[in-house]
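Only one chain is given next, in structure tokens, and it is the form predicted on its own.
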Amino acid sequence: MGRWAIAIHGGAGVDPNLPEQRQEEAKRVLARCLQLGVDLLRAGSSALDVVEAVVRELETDPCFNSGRGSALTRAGTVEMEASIMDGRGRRCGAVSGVSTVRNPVSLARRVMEKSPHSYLAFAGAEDFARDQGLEVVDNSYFITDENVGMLKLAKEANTILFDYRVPLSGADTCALAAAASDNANGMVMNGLPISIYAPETVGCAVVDSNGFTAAATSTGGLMNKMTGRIGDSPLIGAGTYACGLCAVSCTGEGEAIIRSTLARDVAAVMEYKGLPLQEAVDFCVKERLDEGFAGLIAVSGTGEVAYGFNCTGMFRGCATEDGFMEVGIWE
């Protein structure tokens, strides 16, 4: 018997001026979801069951950008994506363009277990969800008044907003654009400084007491994104990966994570360079992202936990069988 461990995240790249009330709300949600995972692991649940249950809980709470509370497309609708991976045999399932399935992560698991495929998208994924009897709701269920307001601001600024949880006035948006023009030496995306980008994707990585690993990731994507855009979260090896060595879930600038196949790289440097988990995470975050900004959580098959990010803050939590538990945002 091995040692169980769990890590969760709610997005990397947190605005340093995030209101204290919002910080505390996020930490309460993370603590509740982390405790759910701990309770299941103590009861002997499998890693796969735990990552699904924890991510379902994160999808149900509108605090983060997944499930209810997801970011809105330019058309004002929600298109969600999720993936799940079982380290035993590296089985995986993923979905994109989901607009009515209450818990996309559960649909991803059904794709893995009940279909001959690894990835379904848009109408095909929706049809499969209904065939499987998964709970579906109207798209309006996922939309919050807060996100409607942030989509309006994003359109007015003619940009994609990542950190849609911090209200911006018109004056604030103009100030950000001006700051971008003065930020020639810093990274700018869509005309705004990278410092405001905070994609609040959710994820969970687990190793159970049998030494089996699993990971899952779920997101609503980017505020004001083009309809049909697909990020890293449903891409196995980019946003999610699990094998005998470790399980990983990533968050951040999706295009950079895709280019670097970030989640798989953690396992690769453990396997080929012989690095322990935290050193592998640090190496990948530092060396593999080029100019991109992202973060990740990971667990090893031997019960270690690790995380890393190269931006300002990451909503995260972790716990191990020996009693260690923490929830944090900053360094």
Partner chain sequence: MGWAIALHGGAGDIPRSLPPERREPRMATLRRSLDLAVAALQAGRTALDVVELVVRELENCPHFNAGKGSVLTSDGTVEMEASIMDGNTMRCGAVSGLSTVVNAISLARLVMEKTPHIYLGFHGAEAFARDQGVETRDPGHFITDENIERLRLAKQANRVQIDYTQPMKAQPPTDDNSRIGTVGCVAIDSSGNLATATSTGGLVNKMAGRIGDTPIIGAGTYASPLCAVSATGKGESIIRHTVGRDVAALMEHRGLPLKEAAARVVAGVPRGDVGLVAVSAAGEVTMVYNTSGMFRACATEDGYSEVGIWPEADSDANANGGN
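None of these values were measured; they are calculated from a predicted model. Residue numbers count along the first chain shown, from 1.
In what follows, reference is made to the form predicted together with the partner chain, a form of this protein that is not presented.
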property	result
Heavy atom of G124 within 4.5 Å of the partner chain in the predicted bound form	yes
Partner contact for A26 in the predicted bound form: the partner chain, 4.5 angstroms, heavy atom	no
Exercise: R42 in contact with the partner chain in the predicted bound form, heavy atom 4.5 Å	no
The partner chain contact at D208 in the predicted bound form, heavy atom, 4.5 Å	no
Region of this chain that lies against the partner chain in the predicted bound form, out of 101-109, 124-132, 212-220, 138-146 [heavy atom, 4.5 Å]	124-132
Heavy atom of each of A12, I297 and E304 within 4.5 Å of the partner chain in the predicted bound form	no
Those residues of 268-283 which, in the predicted bound form, come within 4.5 Å of the partner chain by heavy atom	A268, V269, E271, Y272, K273, F283
